[in-house]
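Taking the form predicted alone, here's one chain by itself in structure tokens.
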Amino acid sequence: MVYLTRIEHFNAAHKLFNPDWSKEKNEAIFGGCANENWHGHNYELWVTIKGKPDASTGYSIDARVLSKLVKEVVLDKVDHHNLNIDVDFMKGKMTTVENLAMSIWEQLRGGLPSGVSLHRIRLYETPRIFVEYFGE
């Protein structure tokens, strides 16, 4: 089995806010992330697939195919957008880095060619905070 990782970057705004809670409780739980004027991050997305290399090409997946998929189903929807308002696959979800990584997994998993599967989504929200999701 071979593991191939594509790294992408995107910028997006969001806020963490539970509408069932008071402004004070949201600020106590989420701190500055509950800022009613939003805030943004420069995200780094690592998409790792696994598969066996094809005998005729040597590829487990053509990197251009993976790049196009990531661009169409993730980057075009999130880059320079508000995750709470603009992103269809985040509607009704708390826009934490954890939920965003799981949602990105769901966006990507159905578009991969036969014989290739997602192994991991690693999503950096900041240089010091990231999550990894393995589809579990």
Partner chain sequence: MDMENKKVAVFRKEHFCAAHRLHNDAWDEQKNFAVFGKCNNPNYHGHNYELIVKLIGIPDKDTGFVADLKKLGELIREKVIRRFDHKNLNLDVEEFREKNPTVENITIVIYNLLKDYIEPDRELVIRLYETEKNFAEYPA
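Nothing here was measured: the structure is a model prediction, and the numbers come from that model. Numbering follows the first chain given and starts at 1.
We do not show the form predicted together with the partner chain, though everything after this point is about it.
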property	result
H39, I85 and R128 each touching the partner chain in the predicted bound form (heavy atom, 4.5 Å)	yes
In the predicted bound form, the one of N35, Q107, T48, N99 near the partner chain [non-hydrogen atom within 4.5 angstroms]	N35
Interface residue in the predicted bound form among K68, K91, K52, H80, criterion: non-hydrogen atom within 4.5 angstroms of the partner chain	H80
Close approach of A12 to the partner chain in the predicted bound form, 4.5 Å, heavy atom	yes
Contact label in the predicted bound form: E27 to the partner chain, heavy atom within 4.5 Å	no
Heavy atom contact within 4.5 Å of the partner chain in the predicted bound form, the stretch among 72-80, 107-115, 91-99, 55-63	72-80
Partner contacts for 49-71, taking the partner chain in the predicted bound form and a 4.5 Å heavy atom cut-off	none
